[in-house]
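Heads up, the chain below is alone and in the form predicted alone; it's given as structure tokens.
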Amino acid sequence: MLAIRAGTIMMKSGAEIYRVEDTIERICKACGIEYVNVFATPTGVFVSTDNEEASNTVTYIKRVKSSETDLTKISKVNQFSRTFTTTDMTVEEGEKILDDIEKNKPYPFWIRALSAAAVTACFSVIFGGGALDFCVTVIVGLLCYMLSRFLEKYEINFFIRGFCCCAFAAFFALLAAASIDGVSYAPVISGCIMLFVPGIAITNSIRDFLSGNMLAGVARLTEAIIIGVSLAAGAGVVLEIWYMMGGLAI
């Protein structure tokens, strides 16, 4: 169960499939289990162990219901697996370390919110925005991130969250462009959308393809495409409604 727990933490934190499978196998073998087969998908982990002397097979299944991106946890579990397999660490000690990793809190909300605002503003400049666009994007990006965290609190899935946040960004970008001379809505919208683009999911899907995990690669690539469509749809719907109304300032 220690190995499955470590793999589950990694899966929930956005790790690649091959990394999850390799971690589970290494921990199992370090515990003296020579015959182990691991099959992981983005939504579940399957581990089958076999004891040659007793001639019995035991299979464990762990459902993964949610996921997020937490590179810190992935790094810590990686370090834990290396330490566990190269030292005399006991299973009980390993469980305590995994407890600490699971309880690891992210950065404070205000730091994440300010970082989100800075990221969106910088992307707006990359997409051709000026000083005014930068300032507007800071505010809109901050509000979009706060809206995303609010919707997440009510367990609304990422597809709906992305749609709502991009629609929100498009509306306020158009409103700012209509109200403030010199503000262009395109860089503001583009910068805010980049906050929700599933870049890690796309990267992991390619790495899964390259490592031979076709099922996981297809699943994650499909998820990333659907999320991308939801982001574009959120902004597109608001833009279409705005133009249908004649593009008049509200």
Partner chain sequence: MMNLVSQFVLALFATMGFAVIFRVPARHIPACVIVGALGWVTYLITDYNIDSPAIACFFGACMVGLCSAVSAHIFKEAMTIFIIPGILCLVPGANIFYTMEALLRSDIEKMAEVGIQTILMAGAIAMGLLAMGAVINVVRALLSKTISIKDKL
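The structure displayed is predicted, hence computed values, not measured ones. Residue numbers count along the first chain shown, from 1.
One more form of this protein exists, namely the form predicted together with the partner chain; it is left out here, but the text below deals with it.
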property	result
Interface segment, criterion being heavy atoms within 4.5 Å of the partner chain in the model of the complex, picked from 175-183, 154-162, 84-92, 123-131	123-131
Partner-contacting position among C31, V58, L215, V197 - heavy atom within 4.5 Å of the partner chain in the model of the complex	V197
4.5 angstroms heavy atom contact with the partner chain in the model of the complex for R207	yes
Contact flag, A232 vs the partner chain in the model of the complex, heavy atom cut 4.5 Å	yes
Distance check, L71 to the partner chain in the model of the complex, heavy atom within 4.5 Å	yes
Touches the partner chain in the model of the complex: T49 (any heavy atom, 4.5 Å)	no
Partner contacts in the model of the complex for 83-116 (non-hydrogen atom within 4.5 angstroms of the partner chain)	P106, Y107, I111, R112, S115, A116
